[in-house]
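Take a look at this single chain in C-alpha cells; it is the form predicted alone.
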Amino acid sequence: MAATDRTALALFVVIALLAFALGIHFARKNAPESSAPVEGMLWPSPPRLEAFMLDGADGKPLTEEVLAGKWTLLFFGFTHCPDVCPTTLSTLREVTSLLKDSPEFAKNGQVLFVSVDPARDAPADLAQYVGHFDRSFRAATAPPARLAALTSQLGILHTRVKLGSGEDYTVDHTASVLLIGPGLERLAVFSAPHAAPDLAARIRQIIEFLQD
C-alpha cells in the first residue's frame, strides 16, 4: 500500500473515531432525564408547596408550616362521603401502621385530611370524624377562597353534585393521596384505588431514595 493510501486510511479512522465519540457525547447530553425511581413519584423536580391557610380541626390555623419537617400523607374528601373517603382513611391508618418499621416516617410522619365541603364540615365535626380512624390524624377545611389556594396548586378537583330535587348534594373530588416532603416538596401523587401494602412500600422506597 502506498504511503499516501496509508495516510488517507489513518486519517479516515481518526475522523470516524472522533465522530463516534462526539455522537456518544451529544447523545448523553441530550438524553431525557431518568424516569421516576418509584411509581407516582414526581422526580427529579418536585414542585414546592406554596403558602396556604386552613382552619384546623383543633381550632387553630393550619398553614404550610404544620407540614414543614414532616412526611405528610394528604387526602381530600368530606365527612358525608359514602365510600371513597372512609375507605381511604382506613387504608391510611393501615399504611401508618405498616410504616412503623420506617424510623423516619415513624418519627416524622403524619396524615392530613382536608374537607372540600366547608359548608357542612365544621372543624369540630372533622375532629370527630378523623378520630374514628386514628386520633393522630390531622384535619382541616376553609372557606372556598382559602381552600382553593391549596387545591388549585395541587390539581385537586372538587364539585358539588345535586341529589334529587331538594337541596341535598354530594361532592365529586379527586381521590388521590399526595406525599408532601419535609421541605414542603410535593413528592408523589398516588392515584386510587389504594392498597395499603403497596402504598406503604412506595412511601418507604421514596424516603430511602431521598435519604441515600
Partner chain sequence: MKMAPILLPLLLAGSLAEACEGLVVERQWIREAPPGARVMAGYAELRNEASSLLVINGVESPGYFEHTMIHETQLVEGRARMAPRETLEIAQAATLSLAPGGLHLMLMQPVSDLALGAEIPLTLQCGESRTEVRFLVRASAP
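Residue numbers count along the first chain shown, from 1. Since the structure is predicted, the reported quantities are computational estimates derived from the model, not experimental observations.
Omitted from view is the form predicted together with the partner chain, to which the following refers.
Chemist: Thinking of the partner chain in the predicted bound form, which stretch from 179-187, 44-52, 152-160, 65-73 has heavy atoms inside 4.5 Å of it?
Modeler: Among the listed stretches, the partner-contacting one is 152-160.
Chemist: Can you confirm whether P86, Y129 and T170, the three residues that make up this candidate site, all sit within 4.5 Å of the partner chain in the predicted bound form, judged by heavy atoms?
Modeler: All of them do, each having a heavy atom within 4.5 Å of the partner.
Chemist: Identify, from the list N108, S136, S90, S97, the residue with a heavy atom within 4.5 Å of the partner chain in the predicted bound form.
Modeler: Among N108, S136, S90, S97, a heavy atom within 4.5 Å of the partner chain in the predicted bound form occurs only for S90.
Chemist: Whether P197 contacts the partner chain in the predicted bound form should be assessed with a 4.5 Å heavy atom distance threshold; does it?
Modeler: No - in the predicted bound form, heavy atoms of P197 and the partner chain never come within 4.5 Å of each other.
Chemist: Using a 4.5 angstroms cut-off on non-hydrogen atoms, would G164 count as touching the partner chain in the predicted bound form?
Modeler: Close contact exists here: in the predicted bound form, G164 approaches the partner chain to within 4.5 Å, heavy atoms only.
Chemist: Should T79 be classed as touching the partner chain in the predicted bound form when contacts are defined as heavy atoms within 4.5 Å?
Modeler: T79: contacts the partner chain in the predicted bound form.
Chemist: Would you please decide whether A36 lies within 4.5 angstroms of the partner chain in the predicted bound form, comparing each non-hydrogen atom pair?
Modeler: So A36 does not count as contacting the partner chain.
Chemist: Taking the partner chain in the predicted bound form, which residues along 172-210 bring a heavy atom to within 4.5 Å of it?
Modeler: Residues within 4.5 Å: D172, H173, T174, A175, S176, A192, P193.
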